[in-house]
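The chain below stands alone, shown as structure tokens; this is the form predicted on its own.
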């Protein structure tokens, strides 16, 4: 008899879980700042997979890195009668007018990857943010470099006890770029190293731009003086590696190797690690960011409670879902390859 009671209880729980996400006919409208960003492509795929799993229709569009276009796309979503919005803003400062558009229609809005300012988050009761704390990724990427120098004294080419490095940043004003830059350098200092910045420039998360910037740094300071490269994301790290490879570096000769670290743990980055071209990266969990955003939009769009139990993620201050980063090194990178 007890066996049947347990089975019945399990069935009831399963039915409850499914019913919690019983989809309405109205779609969820989503905007991605640009489709050719590798990380956001992975987030988008996760969103679409979760929407299919939940029986939701996700209408997702490419904002082509143009805020005016995204503004029009949000208007179009609203006109179509979406039940919720998931927005990856082109410009962080545009979050407020986008929030106001949603608020005027009493539509739930979930921001992803680019965090709105605190006052924007406080101005509406149907707003959430899904992302990761950028300072964690900065700390972990700086630690990867520090650990490498501790394990490989020869990485200090000029034997001065300092790390001479290049910093390649994401876009100007993006909180992730600012915090990853700040905390990666702090982590190297906290590990006991003096650091010397040989070059620092913005490449807007873009591989091609990063290749060009790295070529400029090599010309300006000389490749023999560069001991490490930190990039705010993997695309830029891989761009820097292309410039190094053009100089005969990071091609397998241990005497001609400069450690490069990125952030995101994208498939191309993991492939570069398998070839010994990239030292390390930090997992920015695209899957769980995409899953969480769609779960919130689906529930809130159907006027159902958004709780830790209903979405399966911790909620901070009722509005923030922080997905933790994980360091990816030569010891564990294979675990992250799909």
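This structure is a prediction, so every number in the text was calculated from the model and none was measured. Positions refer to the first chain, counted from 1.
Keep in mind that the form predicted in complex with a small molecule is missing from the display, and what follows is about it.
Q | the small molecule contact at residue 40 in the predicted complex, heavy atom, 4.5 Å | A | Close contact exists here: in the predicted complex, residue 40 approaches the small molecule to within 4.5 Å, heavy atoms only.
(Q) Test of understanding: in the predicted complex, would residue 233 fall inside 4.5 Å of the small molecule by heavy atoms? (A) Contact with the small molecule, yes.
Q: Evaluate residue 83 for contact with the small molecule in the predicted complex, applying a 4.5 angstroms cut-off between non-hydrogen atoms, and reply yes or no.
A: Because no heavy atom of residue 83 falls inside 4.5 Å of the small molecule in the predicted complex, the answer is no.
Q. Should residue 101 be counted as a contact of the small molecule in the predicted complex, where contact means heavy atoms within 4.5 Å?
A. So residue 101 does not count as contacting the small molecule.
Q. Just one of 126, 133, 114, 207 has a heavy atom within 4.5 angstroms of the small molecule in the predicted complex, so which one?
A. If I apply the 4.5 Å criterion carefully, the residue I get is 114.
Q | Heavy atom of each of 35, 169 and 211 within 4.5 Å of the small molecule in the predicted complex | A | Per the other structure, none of 35, 169 and 211 touch the small molecule.
Q) Of these, 70-78, 174-182, 250-258, 192-200, which stretch puts a heavy atom within 4.5 angstroms of the small molecule in the predicted complex? A) Only one stretch qualifies here: 174-182.
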